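Take a look at this single chain, the form predicted alone, given in structure tokens.
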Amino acid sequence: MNLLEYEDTLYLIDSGFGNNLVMQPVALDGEPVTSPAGTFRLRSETTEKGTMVFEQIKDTGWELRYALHPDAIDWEHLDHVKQQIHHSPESSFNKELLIAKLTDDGTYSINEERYYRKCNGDEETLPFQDHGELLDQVRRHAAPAVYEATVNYINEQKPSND
């Protein structure tokens, strides 16, 4: 999470939460903010995990996304966290393919099993039968560099014939 203090108000300016992005600053204890990904808010609330909570409204009400302590962290620590996310065996973020994007009217995500799109409240899921269908959706929806990275990822996952 990136927070910014401006004119005596603390704002969340980047949540790093996949394609559930707010796309604009969210003031601490201010009004909820809506983007194509949903409606979000940042509130002061003390929990066992922090003194602030970042929430998203769902069908059942406000759902906790993060709880945090708004402590400043140096660049060295941030780089360590990045390395853990990318390379640690315990990281849940480096195990499978995930492509996600926020668009003007909704979101989409692609993993190895399916393409999922949420647009203006409508949802669509297309399961893949093979890597060809996966690559077709990546080619249609993502940048050429993402397509190439996906091809490389798939080739690295194939068992070796050695």
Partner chain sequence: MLQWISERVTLTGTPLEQISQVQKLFAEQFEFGNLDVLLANEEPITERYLVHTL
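Positions refer to the first chain, counted from 1. Just so it is clear, the model here is predicted, and its values are computed rather than measured.
Heads up, the form predicted in complex with its partner chain isn't pictured, but that's what we're talking about next.
- Annotated contact segment (heavy atom within 4.5 Å of its partner chain in the model of the complex): 23 to 31, selected among 43 to 51, 58 to 66, 113 to 121, 23 to 31.
- At the 4.5 Å threshold, heavy atoms of Ile73 stay clear of its partner chain in the model of the complex, well away from it.
- Mapping the unseen interface onto this chain, Ile99 counts among the residues with a heavy atom inside 4.5 Å of its partner chain in the model of the complex.
- Contact check for Asp79: a non-hydrogen atom falls within 4.5 Å of its partner chain in the model of the complex.
- Its partner chain in the model of the complex is approached by Asn94, whose closest heavy atom lies within 4.5 angstroms of it.
- Contacts with its partner chain in the model of the complex, taken as any heavy atom within 4.5 Å, map within 111 to 147 to His141, Ala142, Ala143, Val146.
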